[in-house]
Each structure stands twice: as structure tokens, then as C-alpha cells.
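Before any questions on binding or motion, here is one chain by itself as C-alpha cells, the form predicted on its own.
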């Protein structure tokens, strides 16, 4: 089946085909799941049986993070939304069907404040204007809301009034942050931040644990399916309780801390220093003492352990979309863990990496796709690998 199947339905979103965010809304939910299952089987089936994809009961309003850009339309009206596919033309979006509805309402309020107080949207071509982007994060279980206002300079005239109006309209907002991005770049966030209201972070609960989320923290965008994903990965790993494991690409420590009560020791490794600080705080928040976090390149870290003949029973890895480079995979094979739990958001790069691991002493023992991103073409997938030279 292709995305242009003759089983097409009318997409429920009026922006379908323009913003490019939801590539599969022209298929029914059943056909979307079938399409994703076939993609998983095509890419990963040569390594073994691909289990039936784990889907959401209600595949809408699941995103806990949005980032919108601002500009003017041809009539001079302030607009906000996503860039049209492969362009820097903003599509004015009033309602997104896959994100938390509170985000849409907050954006509408910000646009009304901009109009009233003559806050200029930033123009990338002329490099004039003030407001570049707004990033909103929501706590799925806690209900806490973070609003990050990305500005072209630090001079935010009337910011107290801005916060006052915003919170009066949306009292669930827990923190408001000004992020300053003065560079000529396509990056959303700049390096400098100023806390305008609240603690500067929100918290959410995932698999029964509490996590602190800052503006730059990576946190899975679909929390309910993340619980499904992590619980299934731990189940597939079949830990006995006496294992020493590494969580490579550990981020703010979500997987590390969730798996901690199933094993003897967890070592979380992450190159991003801000994420490691969040991970350490999260371990303290949850009173978890058998996890240690290190700021390091995971591949180099594993080579160091291998050189000391340290025993690691399993590696959990959840790399970015580009997958892992050969240096990382080689390092992991040098460490020679009994099991590898490979979680991926890109099955093409996962298939490439599995080929390397299979050639270097591992066998794929289980493949489980999870629909983390309904309405889109993306699929998350877990692969369990076992060392063959045991």
C-alpha cells in the first residue's frame, strides 16, 4: 500500500498537504496502521518476525510540544503556524488536530497581544522585528504548561503585562521563558534565556516517575505511547534483576530511571551537558540511587569500559533519526554486551545498523513497531539483539 492508496479518505485537517506534518491523514486509521506494518516488514522483516504494531486508541491531540513561527500575510495580518513543506512560507494554523488543544488557545492569545501592543513578528529576510517563535510544552499527566517566547533581542518592552495577560487567560501556564536568538539561523532556540514567570521548567509523570523538563530538554512528544514503548522494550529485554546496563543517548534520563528497578545498575551516557544535569536532578527527584550519569561520547565511554575489561550485560540505545555511526557500533561490539535493546524513530537507519550488528556477532531476537506518531509516516521500532558467541 502507498500513501496514495485508492482507499483514500477525506483528511480531517484543512491544512493537509500544505504543512506536511501529517502525511497519512488521507488514509483511515486502520489503513495507516496497515501501511506502517508493511513498511516495518519491508525494512526489517529479513531479520525475523515483525510483531503487530502497537497503536493508539485515540490517535489525536497527543503532541505535548509545538513550535510555531510568526509573520504577516499579504494583508498585514499577524499569522502563526508551521512552514509549508520545503519552504519558509508560514501556513496560518488555527487548530492542529495532533497537538494539545491548550497550545492552540495560547497561540491565539499571543497573536491578540501582539496586535494590541504592536509586537512585530521577525522577518528572516530583512532581519527586522521582534518575535521569532513560540515553543509550548505541556505535561500530559501534570497539566503544567511552559511557554517559551523566542525573540530577536533581549529588549522585551511590556513583558510584565505580556505575562499578566497570558496567565489571566490561561492560568494553567506554569512558567514563561524568554529565549533570545539574535543569530541568522534556522535554529529555533538561542543560547540565552531569561525566566519571566515560574520556575523555568515543568514536570511530567511517565511510567510512575516524575521528570523535570526544561526548554531545551528532549522529551518524547507522545507520553502515553512512550509508556507503551518503554514498557514493551523492558519486557522484551527480560531483565532478571542482577544486570549492569548502559543507556546510551540517555537524554534527561527517562529510560535509565524507568528501567532502574528492574536491574542492579544503570549507567546513563549523554554528550549534552544540560540534559545530563536534568537527568541527575530527575534521579534525585525520584530517589533512585542505582543510576549514574556521565557527560561523554557514548562510543568513547564504552571503549574505555572495554579497555578495563568491565562487564556490561546490556546496552539500551535510542539514537537520533540518523541512527548510530559505525564508530559507535564498533565500540559497542568491543564492549560485547549480552543484549542490545535498539529503539529507533527511523527504521531505515535502524535496518542499516542492524546489518552491522548481525555481521559482528549478534542475532535479532524480536522486532516490535510502535505507532508513536499517528497521522504521520513515522514509526518507532524496538529491536532486541542477543550475542551469538555466548
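Residue numbers count along the first chain shown, from 1. Here the structure is a predicted model, which means the values were calculated and not measured.
Separately, the form predicted together with a small molecule exists; it is not shown, and the next lines address it.
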(message) Between 181, 228, 272, 175, only one gets a heavy atom within 4.5 angstroms of the small molecule in the predicted bound form; which residue is that?
(response) 272
(message) Give me the residue from 129, 251, 198, 190 that has a heavy atom within 4.5 Å of the small molecule in the predicted bound form.
(response) 251
(message) For the three residues 218, 297 and 319, which mark the spot I'm curious about, does each lie within 4.5 Å of the small molecule in the predicted bound form through at least one heavy atom?
(response) yes
(request) Tell me, please, which stretch of 132-140, 105-113, 154-162, 242-250 lies within 4.5 angstroms of the small molecule in the predicted bound form when heavy atoms are compared? (result) 242-250
(request) State yes or no: in the predicted bound form, is some non-hydrogen atom of residue 255 no more than 4.5 angstroms from a non-hydrogen atom of the small molecule? (result) yes
